[in-house]
Structures are given as C-alpha cells and as structure tokens.
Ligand code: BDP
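One chain follows as structure tokens, the form predicted alone.
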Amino acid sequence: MKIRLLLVCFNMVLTSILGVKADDGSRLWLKQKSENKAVVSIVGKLTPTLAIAQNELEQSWCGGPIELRKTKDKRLSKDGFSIRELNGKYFVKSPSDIGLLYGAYYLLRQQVLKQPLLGEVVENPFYETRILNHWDNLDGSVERGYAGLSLWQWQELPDTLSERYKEYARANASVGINATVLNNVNASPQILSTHYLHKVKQLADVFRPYGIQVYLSANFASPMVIGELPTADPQDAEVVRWWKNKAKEIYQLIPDFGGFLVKANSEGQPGPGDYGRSHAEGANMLADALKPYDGKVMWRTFVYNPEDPDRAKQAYSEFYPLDGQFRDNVILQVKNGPVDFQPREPYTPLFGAMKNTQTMPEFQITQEYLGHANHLAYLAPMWEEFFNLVDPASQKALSGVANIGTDANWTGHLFGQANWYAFGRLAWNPYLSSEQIAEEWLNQTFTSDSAYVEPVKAMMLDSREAIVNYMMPLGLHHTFAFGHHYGPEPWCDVPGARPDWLPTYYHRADKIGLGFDRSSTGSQATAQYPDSLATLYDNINTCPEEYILWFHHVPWSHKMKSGRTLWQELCYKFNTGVQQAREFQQTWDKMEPFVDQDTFNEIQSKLKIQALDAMWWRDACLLYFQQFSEQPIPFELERPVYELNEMKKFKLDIDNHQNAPHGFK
C-alpha cells in the first residue's frame, strides 16, 4: 500500500491516502489545496488579476485572514510586494495588481516550506523582463523540443482556447515570469500576418491577467513576404513605413504587446547584412517602429561566419564595434556561452564589454545538448556558475529557451520542470542558490519529508556536473551527433557540411594532444576577456581545468593538478560521470515509498537510459581519442564493451526530434 505525503499548512500533518490516483505531472509545483476556505479581503476594485490572487489563496491558504491592497511604496518596484503579519492577519501590498498576485504565490510557497514570516518581507524582481522563448513553429512542431508538440494550437485559434493556456500562464506567474515569445527565432513571416495576429491576440488576452506580456519572433524579410515589397532594406522608406504600419496594427489588437525578438543574418536567416547594413541599423529601424508604444527589440547576437577560424569569437567580433549605436529600446540577447549551449562553456565575452548597450543573457532550458528529455540535468548550477562570473546587475533582462510542450507533464522529463521553475526564480532573484531552488521545487512538487528531499536534492545538484563528466569534460565541446545532437560522434564527418558544425573543428585531436587553441598563440579568443581573465585563461598552467581544452591544445602527456596526465585525467572524468549516473539510479530506487508507482517507474526508466547513455558516451569518446593518444586506459577503470568500428555503426531513432533514442541502437 502506497503512502503519499501531502503538506497541508504551516503545521501540516502527513496524511496517508489509500488508492491515490497516479500523478501525471500536469499540476507541476502547484499542487496545494485546502478544505479550509481562507478569508481574503481586497481593498479597492476587484480586477481579473486580483480575482486570481483571491482564488489561489482561498483554495490553498491555511493561515489567518489576508488583505490585498494596492499602495504606493518607494521601496517597491512596479511588480514588487511587501507582506507583514499583525495579530494573525496578513497584509499584502504592492503598487500593482500583478505584484499582489506575486505576493499571494510567495505566501503559498512559504507555506509549503513551513517558513513563517519573520518581520516584514519586501521583494522586488531583479530583472524587469523575465521572458521565455518558445522555438515553436506554426505547424505545431517545436525546434529542439522534447516534450511533444507546441502548446499553441494555431489551427483552432482564435475561436477555441485550450485550458492549458491558462495553466501555462499560472505556472509562469507563480515564479515571476512575465513575458513570452510565442514562436521560433527561425521565424515564419506569416506570424505577422493579420490572420495570425488575431490568433495571437486571443493568447495575449488569456495571459494578461497573469502579468504575461506577449512577444513575437519577427522575420526580417516580412515586408517582402507579407507586404510584397521588393526589398527589406532597413534604409528603404517603404520598408520603414511597412514596419511602422505593422506595429500600429499589432498594438491596436494587443495594447500591451512586448515587442520583437529577431534572429538576423545567422544560419541563413535574412537580416540587414543582406543590404550592406549593420545589426544596429536593422535593430534601430524596428526599434523606431515600436518606440511610440514602449515596445522593445531583442536582437540576438548568435551569429557566426563559416569562414572565420574560430566560431567562438564571432558574437564579440561583430557586435563589440557597434557598442553605443543601438537605440535605448534595443536589448542584445546573448547566449550564456560563446558557442552554443554546451554542457559547460566560459561566458560570452560580450557580457561586460558592451558598456553603452543593453544586454540580456539567453539560457537554454530545453536540453538540446544535455540528453534531451531522457537525462536528469538540473541546470540551476550552470546558471549560478554564469552569475558567479557575470555581474547580474550589468544585465537588463533574462531569457530562457523553453522546454514546454503538450506532454502531460509539460517538459518530457518530470525533473525537467525544475529547470522551468529555476529559471523563473533566478530571473526574480539571480542570487538565489541552486540548493535553495531545488529544495523549494521538491517540497512543492513531491513532499517535504527530508528522507526524500535531501538525497534527491543532492542528486539534482550533482546532475549537471555528471553530464559534463560523461559527455565533455575538461572543456571539450560540441562532440555530439550531427543534427539532432543526441549521443556522441567525435568522429562525425558529413560531406558538404560546414566545418563549424562538425566535432573535429572543436576537439582537434591529433598525435600531439587535444583541444582548441584559443590562446595568444592560437585564435586569440582569450584576448576578448577582461585582462585578469585573459591572463588566467591564456596560460595553460593557470587556466582552470574545467576550461583547459576550450582554450588550449593540450599535450596528451600534460600533467594535471591530480598528478595524472591529460589522457589519464580524461579517462577518469568519463568514468566518474558513468559512476555518477549509476548512483542516481541507486538513489532513486530508495525513493519508491515517497511517490506514486507510475511516477517512480517513469523516473526509474529515464535514469536507466541515462546510465546507458553515459556508458555510451564514455566508451565512444575514449576509444576514438585513444587512436590519437596511443595510450592505454588505466587498468583500474572499466574497459569499453564494444570496438570503435562497432560504436560508429550505432544509429539513432529520432522521430522528428520529438522522441529521443534509448541509448544504443
């Protein structure tokens, strides 16, 4: 008989529930319910947003009566709130309805965590814009999506609204996310057609009471495709007029429309460079069209030239010379690392370098390079690592590429929900620790029993480093299979492919050693960093070992801090990752008493896949790189089961990138 542990209120008791229905994950971390109807009073007009706050508290709050009041308070930003308790009554204040809703969710979170108020709480969101990027296409597919199809049912809109739209907005509001880009950065121009804008309006209307602003990815060639103009040149008067008219049309339908996200002159996308214009000229033209409505342009810096000897330098090389040339409503959206969402990268040197231009980090919540929805990969430690190097105060907003789809549990892997949650919490407060966020999520999603929370939290906190170990330790990067990026192919060679899409471009293995020389004797990428870091990274003896193969071509015999050679250290790192993945299985097997059987079986199955994949990564990479090192695997470590020529024959069965493979095929 299964015992399911439910938290009821501050002095909550553990209740045994017989015959409990399996939890499909659809309720995310918002599972609180109470039979006690809380007393909630609202000072002033009852708005749709305040009605949501009232309903949330009435359904789930177990404490004393609550008063929600809009007020002016110089300590609070627009979305900030204060909470204090006086004689058993709770007073929530904010300058805005949305701030009061955030305050309600704060109280409910603290209730689950059993953390009573100590004095007055004052909370303000760190970033003004906290935005999800959906790489969803109009045909319902999701680029780099591993949780089913797109949430947005374009064929049914605007007449039919899915209930999941409201649940999506509710989940975002509960962690402070206040904006969303609905469509893929590889944008179809049709999203800006009148036909689709009426559909977008319906989504915006659903999201508005939850404080969610809608943005759209815009194709730079839209004036040609939709407007039938002969050019999209940002200096052409007809093009400028077209964008101004389009902005007017959008804001008449959606008065609080956020603005455009633009991927331009990257991977075949059109842009101002097609007409000899700069990124600044292209972004500013759009910014001028949006300026009368307080709209923003988020211009991505993900660009790279196949002719350049080092892809990692491209964003800096193209955008740093343009510093100070962008309008004040343009924000450069910069990937956290200089290549492409690898398991570990140094930060992109544009951060901190653009002194006169607004920038915002782009994190990837969906696990394109981290085992898709098969691997447990808690990403808050990766993002915390980024903020330890890049001052959060130097940024104006935070974006995350969403991992949300039509799967019942929203994210494909139940633990993938933790990354959605963590992104929201870090966008609200980038100084929160990965440990605190994991503990919050586990308490709200599963149980507050420390016998469950502590070991599973430890597993989550170790998961990202484990993936680095069994996939690409010591600064290795981009050794993935071509196209779908699932599984190892360090040998990959696709005829006709761009060199910078192939692993050999990055690992550069030869008889001498391994790694990409980005030092002053190589591509000189180290020079793009501040002097203190440039000096640190440039010297092979001072470069942090987690980045050593990123910045240096390291001899196989190079002595590492452990006393082992590079080759030996590589073997140990890969093997450690495999052992960690196996330990995750052992940890989870002990958690069976705390979750329903379906949840237990689902996670157990995913962890089996992850352990298999970890072994696959280790064996494939070591066998391949051993050809160059010509050194034996240390005798105390496991030997590969297969030969290299057999490893190269393994094929993956991925159906439109929606279902990831289960290890070896």
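Only a predicted model underlies this, so the values are computations on that prediction, with no experimental measurement involved. Position 1 is the first residue in the sequence shown; the rest follow in order.
FYI, the form predicted together with the named molecule isn't displayed, but the following is about it.
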May I ask you to choose, among 485, 313, 457, 553, the residue with a heavy atom within 4.5 Å of the named molecule in the predicted bound form?
485
Out of 327, 464, 201, 335, which one falls within 4.5 Å of the named molecule in the predicted bound form, going by heavy atoms?
335
Contact of residue 128 with the named molecule in the predicted bound form (heavy atom, 4.5 Å)
no
Distance check, residue 135 to the named molecule in the predicted bound form, heavy atom within 4.5 Å:
yes
Going by a heavy atom distance of 4.5 Å, is residue 263 a contact of the named molecule in the predicted bound form?
yes
Any chance residue 425 has a heavy atom within 4.5 Å of the named molecule in the predicted bound form?
no
Choose from 115-123, 542-550, 416-424, 336-344 the stretch whose residues reach within 4.5 Å of the named molecule in the predicted bound form, heavy atoms counted.
336-344
Residue by residue through 408-429, tell me which have a non-hydrogen atom within 4.5 angstroms of the named molecule in the predicted bound form.
none
